[in-house]
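One chain is shown next in structure tokens, namely the form predicted alone.
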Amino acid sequence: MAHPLQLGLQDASSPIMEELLYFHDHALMIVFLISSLVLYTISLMLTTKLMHTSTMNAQMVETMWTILPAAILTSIALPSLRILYMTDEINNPLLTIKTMGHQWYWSYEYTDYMDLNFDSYMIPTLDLKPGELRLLEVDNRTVLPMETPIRMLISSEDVLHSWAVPSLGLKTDAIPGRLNQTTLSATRPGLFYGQCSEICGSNHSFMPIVLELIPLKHFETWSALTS
């Protein structure tokens, strides 16, 4: 999860987030090189005493400043499109979770199990235990198996919401009357925090998301005791 004074993105905990981090660094390096070149050119233009007033055209320069930006944009667009298709790809999910957004809490239903569903509310500040995080802890965590392809079906019962977990590279809108889907697969166990990322009313900031990723055998034990 994020920490104070953090400048970069959160540590990746899924293959999709790892790809997003690589693409972020790739695009950032291109922007840095372009900015350095432009600033260097401007500094030369401001400091030089030489001027060439008789130049009427420069076809080679015009050709280069047309082809070079096109090549740079292509080098950014192709990896971006690859990751975009990867985020929409769902291959044989072993578990399906239906997530419904409400004002202002989330409800979860494990569709592969009988009577395994619950609501997830934020824990008030006065009820927090030592070590728990303010505005991020919930009374019922969403327990999921790690290293398992999971399909999330996301919708809403009232207004627009957005189900987002940054460290897993997830952000999907919850729209009334529409069922969106996304896939997740965590590479390590732990607690992963998120929040509603769509302004949905006065208590928008009080809709945290907590995913608890555990090994598959422990998940089966938990589901047997809960359902």
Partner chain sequence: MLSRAAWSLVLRKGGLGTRGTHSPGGTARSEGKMPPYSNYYAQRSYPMPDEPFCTELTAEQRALKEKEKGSWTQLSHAEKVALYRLQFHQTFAEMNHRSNEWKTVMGCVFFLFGFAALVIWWERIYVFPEKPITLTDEWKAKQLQRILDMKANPVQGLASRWDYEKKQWKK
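It should be emphasised that the depicted structure is a prediction, and the values quoted were computed from it without experimental measurement. Residue numbers count along the first chain shown, from 1.
In what follows, reference is made to the form predicted in complex with its partner chain, a form of this protein that is not presented.
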Although its partner chain is absent from this view, report whether Lys98 comes within 4.5 Å of it in the predicted bound form, heavy atoms only. no
For Gln10, is any heavy atom within 4.5 Å of its partner chain in the predicted bound form, or not? yes
Distance check, Leu133 to its partner chain in the predicted bound form, heavy atom within 4.5 Å: yes
4.5 Å heavy atom contact, Leu160 to its partner chain in the predicted bound form: no
Going by heavy atom distances of 4.5 angstroms or less, which of Ile30, Ile199, Ile175, Leu191 would be at the interface with its partner chain in the predicted bound form? Leu191
Only one of 76-84, 89-97, 137-145, 103-111 sits within 4.5 Å of its partner chain in the predicted bound form by heavy atom distance, namely 137-145
Is it the case in the predicted bound form that Ser36, Ile42 and Ile214 each bring at least one heavy atom within 4.5 Å of its partner chain? no
Along 1-28, which positions have a non-hydrogen atom within 4.5 Å of its partner chain in the predicted bound form? Met1, His3, Gln6, Gln10, Asp11
